[in-house]
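One chain comes next, on its own, written as structure tokens: the form predicted on its own.
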């Protein structure tokens, strides 16, 4: 190596690059993903926003700008309040599946439990099945004439159990129960991963301090699981606002309770694809996007008070 009289290495003539300077490599790696997000997510949202300000003919063509008329019609719809209440009710009920999943995941991860993998598979398998197929099974379960539920109620002395899927109120409750059941598998997998990140030393220290199993669950497990719980709360709430497939598969358009059990997405489907009012349907879709955005923003604002990241 050539050195100067002061002992420093002689310049080699090449410009040293900063460790943070990586050129266009990041863009090369994330570019295809960003392109897909722009084309399949952001473009449909922007296109839908434009469509919500237009009116089309019966075939969805010849769009004409109508300003906010579609939004005014939406706010004046008599079925909007019931659809909004049904959607909020369903979302609130399926959120109960999150604490239930915490209990199930904690029980599966109990030290010394045999067959833990089998339990995980049993809870996660329904998540892999098609929701419509599972909904058909639950439709048979809730059938008012020969369903297992009503047969069991009759066996314990209830002579006239309700027709769960054709009675307003009960129908939405049955769909919400299906929503809770179908969400538990995914929730348990996420929470099990979170439980593996909790150090066993914390439980040993709590045990040495005389904490019972319930106190350890309440003061160690739940606080350290709050990041996973928060994630599941976000995802469950968004899924609740998108209620459609389970409702459509369990009730169907010919059900006498469907008018009182419609969700916002069902309202969108009926307006855009049955009534062929693309502008009106797009306005409902943007209304749902706004509600999801508000609910998510509130959740992110509130998580500062109960989520512990360390």
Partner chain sequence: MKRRSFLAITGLAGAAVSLSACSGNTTNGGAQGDITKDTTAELTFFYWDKVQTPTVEANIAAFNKEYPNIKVSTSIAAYKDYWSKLRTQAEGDQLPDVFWMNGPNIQLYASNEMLAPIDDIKDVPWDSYPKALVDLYTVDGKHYGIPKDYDTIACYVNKTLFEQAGVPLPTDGWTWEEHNDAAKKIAATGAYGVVTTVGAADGQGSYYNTMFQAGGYVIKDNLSGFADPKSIKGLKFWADLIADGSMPSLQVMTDTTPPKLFAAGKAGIYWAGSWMVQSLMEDLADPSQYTVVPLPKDEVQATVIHGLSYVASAKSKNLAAAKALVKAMTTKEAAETEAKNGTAIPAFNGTQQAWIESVPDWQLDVFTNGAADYSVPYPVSKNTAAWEDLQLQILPDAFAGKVAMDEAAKKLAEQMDALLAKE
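Numbering follows the first chain given and starts at 1. Remember, it's a predicted structure, so these values are computed and weren't measured experimentally.
Quick note: we don't show the form predicted together with its partner chain, though the next part is all about it.
Only one of 269 to 277, 63 to 71, 46 to 54, 23 to 31 lies within 4.5 Å of its partner chain in the predicted complex by heavy atoms, and it is 269 to 277. Taking the partner from elsewhere, no residue among 173, 200 and 293 has a non-hydrogen atom within 4.5 angstroms of its partner chain in the predicted complex.
Of the heavy atoms in residue 42, none are within 4.5 Å of its partner chain in the predicted complex. The closest heavy atom approach of residue 165 to its partner chain in the predicted complex falls within 4.5 Å.
Contact between residue 37 and its partner chain in the predicted complex is not found at the 4.5 Å heavy atom cutoff. For the chain shown alone, residue 146 is a contact residue for its partner chain in the predicted complex, at least one non-hydrogen atom being within 4.5 angstroms. Of the candidates 129, 205, 75, 155, 129 is the one whose heavy atoms come within 4.5 Å of its partner chain in the predicted complex; the others do not. This chain appears without its partner; in the predicted complex, the one residue of 91, 192, 221, 182 with a heavy atom within 4.5 Å of its partner chain is 182. Contact annotation for 248 to 283: residues with any non-hydrogen atom within 4.5 angstroms of its partner chain in the predicted complex are 248, 253, 254, 255, 256, 259, 260, 262, 270, 274, 275, 276, 278, listed in sequence order.
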